[in-house]
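Below you'll find only one chain, the form predicted on its own, shown as structure tokens.
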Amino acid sequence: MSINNRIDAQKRADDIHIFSDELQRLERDGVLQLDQTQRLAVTTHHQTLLASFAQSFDIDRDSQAKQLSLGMRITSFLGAAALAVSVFFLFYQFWGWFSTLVQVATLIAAALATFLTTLWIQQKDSSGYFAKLAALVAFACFVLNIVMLGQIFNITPSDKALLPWAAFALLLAYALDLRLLLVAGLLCVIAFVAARVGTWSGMYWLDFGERPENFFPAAIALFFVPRFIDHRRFAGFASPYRIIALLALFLPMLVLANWGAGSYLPLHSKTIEVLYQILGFAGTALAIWLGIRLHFAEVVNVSVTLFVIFLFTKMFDWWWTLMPKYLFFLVLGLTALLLLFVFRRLRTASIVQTETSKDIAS
């Protein structure tokens, strides 16, 4: 199996540690005993692999390093946010002192300088944390660049600004293996498509949120994008596409299930609410089944959460005013227990299906 990215390398390293721990248990229980030559060969092979992974992908070789990496990721994000806010207030603090020419040159130079700095840091930083911090600052400068250029030349705000934001975010995401910017880029794409759909129906583009159905086309398209893009070099990139697609599809359905007046459908609002209640329950159940069948854990988790939200929201609408509070929460608790039994059955069926597939393959 070839290792193409840091996530795969880290998973292989974790598997090596798990194997070593289990081997020690087997030897201690007298189940398996390796002779000195075999043990040396296995140990040497694993040490060579770990050294190679550490050099190529800067993996965490033990639990302590993994904990420090988590702290570094959090620190990197907070540092990037602080620097981006600092740049924003720095511009506005001294902006009125500059001529138009200097303002335009400063904006272009800031965006270009942060982008080039990001690329330079990427070549020097094997861990990737500093490069990702610089990438977030570069994206913030790029967004600020377009916004302020529009103000300088008195350009009417347009949804077209979302396209370069999305393109730049996706470029940095794939260049630096940064899923946070991937999410930012996908949100810009969804907002642009929703705004376009809204303008086609005659509304002002900033009012696209008033019609939740505007989000449906982008949500459906994004869910299937990973099927057509090779993400083997970008482990973990397919999941954000599916998660954001599910949220962009079912959260508007949840809104419409409680606010039918926001729909394009020429039906009575109560009829629309009932329709989207049914679509919400059926859609999330179908997504759960699809996620189990295709082994998409993130699809299952998000769909289960949305299904429960749909269910509890409607139970609140149906029974909150009719039942005593103790009885209402008792029903909620019993419903949660019922769902646990159902999901456990689904989990057991999934495990059996996986084991059967392995047996057939072997």
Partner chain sequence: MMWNRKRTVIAGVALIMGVNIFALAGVFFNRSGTAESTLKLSERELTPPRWRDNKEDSGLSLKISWRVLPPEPIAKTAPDKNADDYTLYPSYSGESDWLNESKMIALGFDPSSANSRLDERSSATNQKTRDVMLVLQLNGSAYETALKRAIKYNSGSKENVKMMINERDKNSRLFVIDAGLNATTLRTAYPDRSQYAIVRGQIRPSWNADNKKKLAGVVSKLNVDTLHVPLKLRHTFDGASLILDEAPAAKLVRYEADVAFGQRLEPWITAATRK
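Positions refer to the first chain, counted from 1. If you're wondering where the values come from, they're calculated on a predicted model, not measured in any experiment.
As for the form predicted in complex with its partner chain, it is not shown, yet the points below apply to it.
When its partner chain is considered in the model of the complex, F237 lies well away from it, no heavy atom lying within 4.5 Å.
A residue is said to contact a partner when one of its heavy atoms sits within 4.5 Å of a partner heavy atom; M203 meets this definition for its partner chain in the model of the complex. Its partner chain in the model of the complex comes within 4.5 Å of no heavy atom belonging to P226. None of the heavy atoms of R73 is located within 4.5 Å of its partner chain in the model of the complex. Partner proximity in the model of the complex, defined as non-hydrogen atoms within 4.5 angstroms of its partner chain, places exactly one of 185-193, 244-252, 282-290, 140-148 at the interface: 140-148. A heavy atom within 4.5 Å of its partner chain in the model of the complex is found for exactly one of L78, I155, I278, V85: I155. Interface residue among L180, A221, L171, V274, judged by heavy atoms within 4.5 Å of its partner chain in the model of the complex: L171.
Looking at 99-117, the residues that come within 4.5 Å of its partner chain in the model of the complex, counting any heavy atom, are S99, T100, Q103, V104, I108, A111, L112, F115, L116.
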